[in-house]
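Just one chain follows, in the form predicted on its own, and it is written as C-alpha cells.
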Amino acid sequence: MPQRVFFVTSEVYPFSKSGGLGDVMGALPEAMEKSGRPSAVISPYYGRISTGNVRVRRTVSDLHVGYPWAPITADVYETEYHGVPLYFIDRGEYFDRRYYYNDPYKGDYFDNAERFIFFCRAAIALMEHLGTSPSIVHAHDWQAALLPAYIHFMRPREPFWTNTGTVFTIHNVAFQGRFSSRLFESCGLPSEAWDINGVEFFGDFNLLKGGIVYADAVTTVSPSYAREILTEKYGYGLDGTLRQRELHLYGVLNGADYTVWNPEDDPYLPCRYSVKDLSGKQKCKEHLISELGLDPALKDRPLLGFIGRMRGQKGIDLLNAIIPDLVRMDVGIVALGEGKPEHEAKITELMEQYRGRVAAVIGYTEDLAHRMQAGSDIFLMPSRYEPCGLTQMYALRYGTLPIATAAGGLRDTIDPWPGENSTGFIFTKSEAGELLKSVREAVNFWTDNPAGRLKMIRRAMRREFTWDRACREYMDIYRNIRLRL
C-alpha cells in the first residue's frame, strides 16, 4: 500500500452527515486523489450510516484498541468511494445510535469523550495494522483532535510514526470537546501532556486544544476565519493558544462539490437549468411552492430560503424575529433544519400563524435541500460567525442570491451589492434590524431592477469555488511539514 494522506473525521458524505464537515470530507479526499496524492478516510461506523448502493464489507475483526479497558477491540468495515478507500471503525455501544453527537432533546451524549478517544485510538491501531506509515494524518475537529497529540508523542519512540506529519483542521472552534480532567488519566497520552501548554484547559481536558498544540500545522476553513479566531471575540478561549501557533496556522477556503451541487444535472430537481437558460429555475420555484403548501401567488414574489442548524450561531433567532415584517413585505419564507427545541418551536408557531406564507421543515433531507436551493430566489445566512459556509456557495451556483453577515467565509465568498461584481448582499452586525434592512434592500432590488437581478444571478452562477484550488494549498502545507520532519 502506498504512503497515503489519511483523513480522520467523524463524518463523511454520503455515508454520514450533519453539516458542512460531512460535505468537505466527501469531496476533499476524492479531489486529493485525483490530484495525484493517494488518500484514505477513517470514520465511525454509525448505526444510521447510509451506504446506498455502495458495498461495505468487514475486513478486520477484533482490532485491539485497549481503551477504555485493556481487552476492548473494534471491527473495521471497508469500501471504496470514487477511488478513495474508506475505513469505518465499528463498536456498537459507541456508534450505533440515532444521532451522531447528541440527542436534540436531551443534550450531548454523556460518554462523548470516551466515544471519540476510542475512535482516535482505533484509528491509530488501524493505520498500524495496515502496515504502511501514512505520509500525513489530517484530523478534523475535536472528535479527531487527539490524533496529532498521539503521533507527536509516538514519533520519537516508535519508528512507524517517525516520518508521519500531522495537520489539524478546525471547522468550528466553538465546539471543543471539553471534558472532566479524570478522563485524561486513561486516554493514552503521557502525563506531560497535562499542562497549560498541552491539553489542560482551566482544569478540564480539552480535545480540540490537543489538536491545536501538537499538530505540525493547523488549518481552518477560510482565510477570514483564520484571522478571526486569533481574537478574543471569536477564539472561544483558545485565541491565546492559537496565537502561539500563528506561524503554522493557515486559512484554506473550502470548495464546493459541483458534481453534487449543480442545477444543470441535479437529480433532485423537477426541472434543470443553467446560466444560459434560467427558465427552469422559475419552474423549480413553482414546484417548491406547491410541495410546501405555500400560496401560489408567491410565484411572482421573492421566495426566501434558510437551510441550516437552528442554533444561535446560524442566526435563526434573528430570522424568527423578523418573519412578521417579512410577511408584510409580501414575500415567502421556507426553512429547513433542526436544532434547539425553542427555535424549532418558534418557527413552527410562525408557520401556523402565517400559513401559506411561511413553511418550515424540521429535520434535514438532502433532496429537499437541493430543491430549496433551486426554488428560492434569495438565500438567508444571518450567521453570528461562519468559519466557511458551504450553503452560500451552493446558493450562488443555483442562482439564489445570498444575504449574509460579513463573517468568516461568507466575507470571502460573496461580493456585496452595490458593485459591478456583486453576487449578493452583506450586512455587518448580527442584529435583527440589520438583517431586516438587508432583506428589504434585496427585495427592492429583486422587484425594481429585473435586468440587474438577472445579471447578478448570472454572475453568481459563474463563481467557482473548486476543490482543486484547496488541494494545491493543502499539498503545499503537506510538503512544508515533510521538509521539517
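Small disclaimer: the values here were computed from a predicted structure and weren't measured. Note that residue numbering follows the sequence shown and begins at 1.
Note that the form predicted together with a small molecule isn't included here; everything after this is about it.
Taking the partner from the other structure, the small molecule in the predicted bound form has a heavy atom within 4.5 Å of a heavy atom of Y364. The small molecule is not shown here, but in the predicted bound form it comes within 4.5 Å of a heavy atom of E338.
In the predicted bound form, none of the heavy atoms of I322 sits within 4.5 Å of a heavy atom of the small molecule. Contact check for R397: every heavy atom lies farther than 4.5 Å from the small molecule in the predicted bound form. Within 4.5 Å of the small molecule in the predicted bound form, a heavy atom is found for all three of G19, D23 and I307. The stretch in contact with the small molecule in the predicted bound form, judged by heavy atoms within 4.5 Å, is 378-386, chosen from 378-386, 154-162, 284-292, 80-88. Proximity to the small molecule in the predicted bound form, taken as a non-hydrogen atom within 4.5 angstroms, holds for one residue of W261, Y236, F201, F184, which is W261.
This chain lacks the partner; the member of V167, I316, V252, L390 within 4.5 angstroms of the small molecule in the predicted bound form by a non-hydrogen atom is L390.
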